[in-house]
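For reference, the chain that follows is the form predicted on its own, supplied as structure tokens.
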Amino acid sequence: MTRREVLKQMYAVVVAVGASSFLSFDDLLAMDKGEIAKPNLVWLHGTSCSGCSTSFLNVEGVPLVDILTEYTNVVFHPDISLATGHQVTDMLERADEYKDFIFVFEGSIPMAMPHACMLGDKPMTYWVDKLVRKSSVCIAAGTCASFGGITNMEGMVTGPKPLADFISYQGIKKPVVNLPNCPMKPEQLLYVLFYYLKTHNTPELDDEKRPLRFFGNTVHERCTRHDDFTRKKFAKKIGDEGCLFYLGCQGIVTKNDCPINGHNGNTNICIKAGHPCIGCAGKYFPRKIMLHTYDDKRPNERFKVIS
């Protein structure tokens, strides 16, 4: 395969994630010749299951490592970097030396129990504070990093804070992009990386710091079962045809692009599989009561509309 054929394969990914409107094939050629500088990238895990990294590693089309090394200089990623032990902490301590670096954070930051998440001999609060201050832009990968998610569900005692809240709490002013989803969709992160690469800015965001391109509409507005909703044809159990509203579907209050861009390379989404949307990209995920039966009388504390 020639170098140009490799770049064509790369550009197919650019097109697939919707970045071709601002990133041309000529830009890729210029980047390949070193005419466009690549930003550095530092990725850390807080309290997380690493599912967002796993999702990112599953990006389709070309190998993820090829994408990252072609468009960025990866300083550190916990799952794909070979550095271990003091090599890692030494690299992170030298953050001052990295010009124009993107900080990607996965999971949340345990503020009430800092020793619950350590790197080297220092708590994650130390590393996040240090790296955020030196970074050019911060990206919260997944719902835990964006809103707390699973790590902040009822019963948790670690006092987790999502990235944007931590930055605000520390009195730091830094642009943040939230990419909620459980797990994060790799296409959305690639779009943000490409956008920053081209413009050195973030795409247009909503009030929750989410890209409007992906989070401008609710799942309900573009749902394949929306017609059933307007005709008041409701499913009474999972597997039935009809709108899943009375089974606890959160599509009506969850902004996400699932009907357009599903998980695992657009293989499937909850509703397409016959299951109610669980609202994994929402601020209040996971809810105390995740699923309902058709005649369920239990109140929903956060979304009265589902009661």
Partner chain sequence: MSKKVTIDPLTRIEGHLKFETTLNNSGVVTDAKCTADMYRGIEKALIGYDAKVAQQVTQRVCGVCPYAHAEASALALENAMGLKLNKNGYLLRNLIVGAYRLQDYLLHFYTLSALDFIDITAITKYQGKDSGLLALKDWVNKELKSGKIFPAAPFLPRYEAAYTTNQNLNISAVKHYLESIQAMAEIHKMVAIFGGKSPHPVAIEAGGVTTRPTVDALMKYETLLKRTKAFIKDAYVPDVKAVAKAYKEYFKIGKGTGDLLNFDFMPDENGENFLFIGGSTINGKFEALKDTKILESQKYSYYKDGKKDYAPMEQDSEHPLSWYEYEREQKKSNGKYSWSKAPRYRDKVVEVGAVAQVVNTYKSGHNPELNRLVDSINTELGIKLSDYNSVMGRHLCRAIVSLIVVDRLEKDLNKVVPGELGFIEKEVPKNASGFGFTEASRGALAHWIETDDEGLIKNYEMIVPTTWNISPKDSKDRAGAVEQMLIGTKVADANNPIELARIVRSADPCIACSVH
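Worth saying up front: this structure is predicted, and the values here are computed from it rather than measured. Positions refer to the first chain, counted from 1.
What follows is about the form predicted in complex with the partner chain, which we do not show.
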Would you check, heavy atoms only and a 4.5 Å threshold, whether residue 171 touches the partner chain in the model of the complex?
no
With the partner left out here, check for me: in the model of the complex, does some heavy atom of residue 208 sit within 4.5 Å of the partner chain?
no
Is residue 192 one of the residues lying within 4.5 Å of the partner chain in the model of the complex, judged by heavy atom distances?
no
Residue 64: heavy atom within 4.5 Å of the partner chain in the model of the complex?
yes
Among the candidate stretches 119-127, 133-141, 163-171, 200-208, which one is within 4.5 Å of the partner chain in the model of the complex when only heavy atoms are counted?
119-127
Considering the partner chain in the model of the complex, which of 101, 215, 234, 76 comes within 4.5 Å of it through any heavy atom?
76
Counting only non-hydrogen atoms and a 4.5 Å cut-off, give the residues of 46-60 close to the partner chain in the model of the complex.
46, 47, 48, 49, 50, 51, 54, 55, 57, 58, 60
